[in-house]
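Here we start with a single chain on its own, the form predicted on its own, put down as C-alpha cells.
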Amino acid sequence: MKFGWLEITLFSIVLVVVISAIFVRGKNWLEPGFWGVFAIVSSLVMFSVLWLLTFDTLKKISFGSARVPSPTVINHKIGFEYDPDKKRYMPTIGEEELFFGKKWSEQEATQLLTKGKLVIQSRNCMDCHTLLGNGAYFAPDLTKSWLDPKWQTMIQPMIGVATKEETMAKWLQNPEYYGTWQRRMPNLKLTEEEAKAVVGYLKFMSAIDTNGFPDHFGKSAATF
C-alpha cells in the first residue's frame, strides 16, 4: 500500500492528538503544561516521520531503484517515450550497446560516473546549465541532454566520428570550434578522460525517471 503526503500528514496529526490526549488527561487546558505536552509530542512525532521519510527517500534514489538505474545502464540504448498511463515521458532502457567501444562493468561504470560528476562540479557547470532542476538557465538543461538528437543530426557530421558518445566527448573538449547553439560554451580544458566521464554521467542521467522533467522535452519542436 502506498501513502501520499496527505495521508502521512493526517496520520501524523491524529497521532499527535491521540498521544498528547493520553498524557494531558485530567489536566486543565489553561495550564502551561497542557500545551507543553502537545509541543513535545508533536516535535517527537514529526521528527520520527521525517526520519522515516528520509530513509525512504534514500532508498528510492539509490542505484538500482525503480527511478534510478544501475550505473551499468550506460551499456544500453536509452530512449524517452510518452507513457499514456502515467501521462508523462518516461526513460526507456533498450538493448545493449557498446559505450566508447566497450561494455563497462559495474565497478568501472560507477568510477566513470563518479568522475563525471566531479568534473562537472570542478568546472562549475551549474553556473550556466541545469541538472535535475538545480543550476542556472543560461545554457541548455543537461538532465536529458544525452537524448538530444542534435548530437547526431547536427554535430556528429561536423566532427566526423562514428558514435554519439565520441561526438559529445570531442565537442566538450573543443566547443569553440563548432558553431552550434547561439550561446557558445567556453573551452573548459577537459582532458579526453574527463570528457568521456562527463558523457557517461550525462547518459546515466538521461535514464533517471524524473517524472517527465524537463517538461515537454520529448515532443518540443524547438528541442528536436
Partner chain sequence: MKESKGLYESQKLAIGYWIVAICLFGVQLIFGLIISYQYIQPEFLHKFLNFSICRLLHINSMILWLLFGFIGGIYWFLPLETEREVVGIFLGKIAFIVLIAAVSIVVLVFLLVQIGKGEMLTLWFITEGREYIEAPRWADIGIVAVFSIIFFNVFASIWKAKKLKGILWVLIVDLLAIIGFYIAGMFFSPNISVDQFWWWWVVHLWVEATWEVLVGVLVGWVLMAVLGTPRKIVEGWLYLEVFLIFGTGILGLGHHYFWIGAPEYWLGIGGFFSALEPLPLVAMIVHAVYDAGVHRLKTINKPAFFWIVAQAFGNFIGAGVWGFMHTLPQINLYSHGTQLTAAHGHLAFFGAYVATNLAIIYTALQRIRLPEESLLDGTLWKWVFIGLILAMLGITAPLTVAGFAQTFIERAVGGSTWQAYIDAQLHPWFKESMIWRMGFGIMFFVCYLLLVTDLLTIGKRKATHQQ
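Residue numbers count along the first chain shown, from 1. Just so you know, these numbers come straight off a predicted model, no measurement behind them. Just so we're on the same page, rigid core means the largest C-alpha set that superposes within 1.5 Å between forms.
Keep in mind the form predicted together with the partner chain is missing from the figure; the text below concerns it.
Residue contact check for residue 63: one or more of its heavy atoms lie within 4.5 Å of the partner chain in the predicted bound form. Although the partner is absent from this view, residue 107 stays clear of the partner chain in the predicted bound form, with no non-hydrogen atom inside 4.5 angstroms. Residue contact check for residue 92: none of its heavy atoms lie within 4.5 Å of the partner chain in the predicted bound form.
Within 4.5 Å of any heavy atom of the partner chain in the predicted bound form lies no heavy atom of residue 84.
Within 4.5 angstroms of the partner chain in the predicted bound form, the stretch 134-170 places a non-hydrogen atom from each of 134, 135, 136, 137, 138, 139, 140, 141, 148, 149, 150, 151, 155, taken in sequence order. The rigid-core alignment places the CA of residue 193 less than 2 Å apart between this form and the one not shown. Superposition on the rigid core between this form and the one not shown places the CA atom of residue 210 less than 2 Å from its counterpart.
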